[in-house]
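Next up: just one chain, as structure tokens, the form predicted on its own.
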Amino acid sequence: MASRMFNTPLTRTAPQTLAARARTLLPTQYANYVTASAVVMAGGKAKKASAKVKQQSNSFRKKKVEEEDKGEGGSGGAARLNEKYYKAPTPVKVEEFLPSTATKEHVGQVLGLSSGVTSALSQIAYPTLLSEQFDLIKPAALVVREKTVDLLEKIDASMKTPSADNRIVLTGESGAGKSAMLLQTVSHCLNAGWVVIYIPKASKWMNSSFAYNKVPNTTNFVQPLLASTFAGQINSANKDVLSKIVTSEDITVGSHQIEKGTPLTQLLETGVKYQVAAQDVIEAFMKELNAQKEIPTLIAIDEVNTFFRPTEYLSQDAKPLDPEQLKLPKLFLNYISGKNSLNHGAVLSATSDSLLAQKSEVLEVALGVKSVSPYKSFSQTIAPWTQGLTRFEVPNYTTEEAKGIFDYYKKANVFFDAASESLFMSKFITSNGNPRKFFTSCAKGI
């Protein structure tokens, strides 16, 4: 009986659409529900064609559809029209964050990233929380903190010393503003004319997001698409500076020949155009940066803890690969550890506690963030990369810093309630001055 019910309508009529088959096979009430859902999602002509189905819907569904048609009942409708709970953010006029304004006198002031910096970083995604804030309030801006100025003084002092002597890791509780301070340093160095290599989401290098190929006769792997994309990002962020630096010798990358005297922009463009050569291009590029002595370089890496634990890539025997088995991460591990060094510059990185599954106990112990039993053993392949790192602690906001960002949010019109001194103290105390919690409390009313 079940077989005849299934075969009869399908074998004796013309081919039917998937929706028609659903209406044939399902009971009437379910068929109406499927069609009504299609009406809500489709709009336009589909709504007119299914007027009969709307009449069959219950009053709740009909009311919901009508509200969505008006733009008042959907998830975005309240944000657009319900002024009781939502106010459109107002663009805020701020001074630019420049080497001349990154001073103690500007602590507590919110300064915007310069147009040159935002243009340079246009191909690079900001860290998630910063991206959320920058989408909400224009322009992209960050508060100048006492620790920001202290860090920039250290970075400025490194411009005439080898990067092996300037390997700093930003630490602090989750949401303390490590990524923001790293970005401020990136902005500072770009404005000062440095070469800046910025990796805002190191976890993407390790979580098997990109295809990888085994290097024949080795235990190493390459990530061609990642390397090619990264070459383009470096080039985009530093085009003006890199056009002035030329190769010091003839270079062979794959089947491509790069003549001596070629601008480094053209070298990187080879990696962008030919994925198979991208890893060799980046290695040659870093070698050329080492060779020149005029322009300092900053290597800035966020979520650096993912470089110090097994990756989510698997070997041929289904075992997680260690970071040094991936050639691109290993290249930068050499600079983080000081095995390779730039003539002038610094390697600045930041840990991320929001990635709980990707925390590195090895790195935390090496930095003194965590202490463990001396009898506990760590990976003998990962631990050596942690030697000689300097820890720089990023605290929560001071009252002055929080007040500055609060006034910025007030000008941007992001509060649900009227901004006041009592509201500020409430937000500051409940968040304990934690930048992430403070932003969430102010912008989302939590």
Partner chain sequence: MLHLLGVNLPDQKLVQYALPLFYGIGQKTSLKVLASLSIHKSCKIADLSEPQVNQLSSLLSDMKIESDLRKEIRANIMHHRSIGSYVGRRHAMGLPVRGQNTRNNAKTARRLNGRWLKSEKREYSSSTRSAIPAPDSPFASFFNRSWF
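Residue numbers count along the first chain shown, from 1. Please read all numbers here as calculations on a predicted model, not as lab measurements.
The same protein also exists as the form predicted together with the partner chain; that form is not shown, yet it is the one meant from here on.
Heavy atoms within 4.5 Å of the partner chain in the model of the complex are found in one stretch of 99-107, 346-354, 122-130, 204-212, which is 204-212. Site annotation in the model of the complex: the residue of 252, 115, 315, 248 reaching within 4.5 Å of the partner chain with a heavy atom is 315. Put simply, residue 274 is far from the partner chain in the model of the complex: not one heavy atom of it is within 4.5 Å.
Among residues of the shown chain, residue 221 is one whose heavy atoms approach the partner chain to within 4.5 Å in the model of the complex.
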